[in-house]
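Only one chain is shown below, in structure tokens, and it's the form predicted on its own.
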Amino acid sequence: MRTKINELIPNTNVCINGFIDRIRDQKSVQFIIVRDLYGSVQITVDKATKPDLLPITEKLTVGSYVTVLGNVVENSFVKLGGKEIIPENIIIESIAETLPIEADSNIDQKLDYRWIDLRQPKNALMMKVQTLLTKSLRDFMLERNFIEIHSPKIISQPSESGSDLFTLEYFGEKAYLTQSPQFYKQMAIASGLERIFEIAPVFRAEKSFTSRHATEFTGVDIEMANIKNLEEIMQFEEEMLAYALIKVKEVYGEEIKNVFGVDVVVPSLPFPRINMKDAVEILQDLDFDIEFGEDFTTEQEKALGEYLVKKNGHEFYFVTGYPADFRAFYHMRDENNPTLAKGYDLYWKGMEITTGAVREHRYQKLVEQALEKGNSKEKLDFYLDFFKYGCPPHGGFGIGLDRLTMLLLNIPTIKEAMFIFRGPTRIKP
């Protein structure tokens, strides 16, 4: 039976599996470092006492996959946990050619051989953290009686505009990959499911080459019926994120600190809130050329984030009070000021991670707002039909899981914060 490397106990016979990480061949002894997902261990081969293993070890290369059977012994001189394995047998499962990348290779080379790059302990930890982050978000919602849905990713009509959708041929007809499950989330609400979420791929046909954009990523989308106001949505999201970060800190906090040099900060509740008008005034005071109603540039987001972190001592902040012209047609308007939408953006470490809103659930209002923004009613009929036959008041938000991972671990680019990156010039591996 296989033993994981992090579970090795001195004076026991074990069978381990892993990749060859390093080989150091000396005159009388060979030191072979084997690594699995859980850790690394030194295999010490004494050439005088184990001559039968030498024909095997001389074939070994870095990256080869082996099974090692032997005895675990304590050795205070061994840096890898003070333990080593004295092998009885080494079985070569797969021989590796010379590896085409190293730990310090450039990002594009690493992405060409992503499966090899993921063997690095740092990347393996990133994937484990993302797994727990996903589980924690899902657990938070399931504990609150949410239903998980799996909406289609192929649609017959563009949702709002076809400018940032991928097109494909669908049995002789034109179809699109969804840029968001938004419309289907709302259909679920109209179906009476009340509280739903989805964790699934999202596609964006945008030629963006920033450190935070991808053409395919994993979205965490939430929709809730019978909400009273925008504040209720924001409160739900801040509680959900705090819950997930508590779980990550409990399990991986120390390892994240050691490997990434990052302290996982569990945010206090509530998160700070700021009106967009006030945010614009702050940026103007910081000598940025911006007017109310304009989107923040990356530089402005960063500057606003630094200012608010210093002011509030908090990594997160909500921005509310956006002009209706600035938001999607399905965002509900503010009754007291129809020029404003009932929506928000959430920022973490100076980067936007969420757009949320109260949705317009009244059919006639939706038609009016869609037409105001130049949408064709005919093309939106499939969506508008969801609201013809009764629909609860509702709202929700969406988060990019990969961007969350990137910010949590202070990874410089989203390319390294996901299993396999897709961008305008990258469709392999």
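Treat the numbers as computed from the prediction; the structure is a model and nothing was measured. The numbering used is simple: start at 1 and walk along the sequence shown.
Quick note: we don't show the form predicted together with adenosine-5'-triphosphate (ATP), though the next part is all about it.
- Although the partner is absent here, Q186 is not a contact residue: none of its heavy atoms lies within 4.5 angstroms of adenosine-5'-triphosphate (ATP) in the model of the complex.
- Contact between A214 and adenosine-5'-triphosphate (ATP) in the model of the complex is found at the 4.5 Å heavy atom cutoff.
- Using a 4.5 angstroms limit between non-hydrogen atoms, I353 touches adenosine-5'-triphosphate (ATP) in the model of the complex.
- Contact annotation for D112: none of its heavy atoms lies within 4.5 Å of adenosine-5'-triphosphate (ATP) in the model of the complex.
- Contact annotation: adenosine-5'-triphosphate (ATP) lies within 4.5 Å of heavy atoms from the stretch 392-400 in the model of the complex, the single such stretch among 45-53, 392-400, 25-33, 368-376.
- Proximity to adenosine-5'-triphosphate (ATP) in the model of the complex, defined as a heavy atom within 4.5 Å, holds among K122, R204, H314, K302 only for R204.
- This chain appears without its partner; in the model of the complex, the one residue of I16, L409, I414, I20 with a heavy atom within 4.5 Å of adenosine-5'-triphosphate (ATP) is I414.
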